[in-house]
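In the block that follows, a single chain appears as structure tokens, in the form predicted on its own.
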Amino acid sequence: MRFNLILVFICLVLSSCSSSINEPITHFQVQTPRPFGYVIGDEIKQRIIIETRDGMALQYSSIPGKGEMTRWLNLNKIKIDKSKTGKGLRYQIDLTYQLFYAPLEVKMLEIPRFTLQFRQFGNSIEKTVPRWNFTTAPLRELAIRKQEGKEYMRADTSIPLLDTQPSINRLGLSLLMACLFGAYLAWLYGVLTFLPKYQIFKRPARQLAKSSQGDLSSMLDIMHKALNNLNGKPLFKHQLNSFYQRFPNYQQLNGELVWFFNYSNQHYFSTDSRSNKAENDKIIALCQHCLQIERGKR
């Protein structure tokens, strides 16, 4: 008799163990936040943790889709994590709802229930996520009450303005730097022709263009004065090398300058002086070339 009782007890223990081992869902938990104190626009996060035996596949189509659940509740985010455990699979489902209900007083609401489906070897198993109740309250009372002559509720504060002064300072500094760089480039490339630096050959070029063909002495004097003004003192042919060291841009006109000084010496110090349109045009061209260099165009 005692042996039979022991045998029955062992059979019961083994049957209970085998049933727990073969249980398709070994763990099921729904984690929810506080059930009170929500207002319109708040988010409510819900987590569902499920552990199943190996091979039990969750049917993702059974999870509610993102979007409008009811006229006042939206499902905004769905996150599903799947991992292996020692005995099977673990699913973690994070759902983020958003509330759009504006009650006139404290009101009880609920997140609707839904059913999760699992499948293995053609067999389907369902697990229901129960509905969850919570309370929501209005943002403020319908009327502002007064108590002992003081307002029960303070008026809404004005929206603080953003401090734009740092941005304005940075913008002003950027514009100032841009203007300085622009002015430097304009000076470098000869755009600022009204500056004294760009006035040396401007007037001589106009005078030479108006000179008559036979007025060779006047044309030579105009060109010599312009070169002397640039050099800061009288410039002669033998001083061209030092002149180029101070004004290297004019070295490209070395051939024309050498011809000019030779031609000027022949006119002033030789009896074989001649004046024709070709030589006069070369003097005008030399002055124009100097003007182009002065303005940074050569």
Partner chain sequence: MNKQLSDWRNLALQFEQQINHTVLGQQQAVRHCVISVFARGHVLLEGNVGVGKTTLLRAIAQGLGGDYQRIEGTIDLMPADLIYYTYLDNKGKPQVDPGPLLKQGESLATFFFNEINRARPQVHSLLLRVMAERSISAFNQEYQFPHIQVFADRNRIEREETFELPAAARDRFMMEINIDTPADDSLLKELIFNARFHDVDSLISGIETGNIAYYQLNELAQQIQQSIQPSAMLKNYALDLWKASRNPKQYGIKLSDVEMEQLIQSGASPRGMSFLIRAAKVNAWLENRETLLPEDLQAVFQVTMAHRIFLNPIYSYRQEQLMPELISSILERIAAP
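As the structure is a prediction and not an experimental result, all values here were calculated from the model. Positions refer to the first chain, counted from 1.
Although not depicted, the form predicted together with its partner chain is the subject of the following passage.
Scanning K107, R206, R90, H224 against its partner chain in the predicted complex with a 4.5 Å heavy atom cut-off leaves one residue, H224. When its partner chain is considered in the predicted complex, only one residue from S61, Q31, T70, S270 comes within 4.5 Å through any heavy atom, namely S270. Look at 262-270, 62-70, 247-255, 33-41: in the predicted complex, residues with non-hydrogen atoms within 4.5 angstroms of its partner chain sit in 262-270. Proximity of K45 to its partner chain in the predicted complex: non-hydrogen atoms within 4.5 Å are absent; the residue sits far from the partner. For the chain shown alone, N228 is a contact residue for its partner chain in the predicted complex, at least one non-hydrogen atom being within 4.5 angstroms.
Residue contact with its partner chain in the predicted complex: G55 places no heavy atom within 4.5 Å of it. Within 4.5 Å of any heavy atom of its partner chain in the predicted complex lies no heavy atom of H27. Counting a residue when any of its non-hydrogen atoms is within 4.5 Å of its partner chain in the predicted complex, the hits in 226-258 run N228, K233, P234, F236, K237, H238, Q239.
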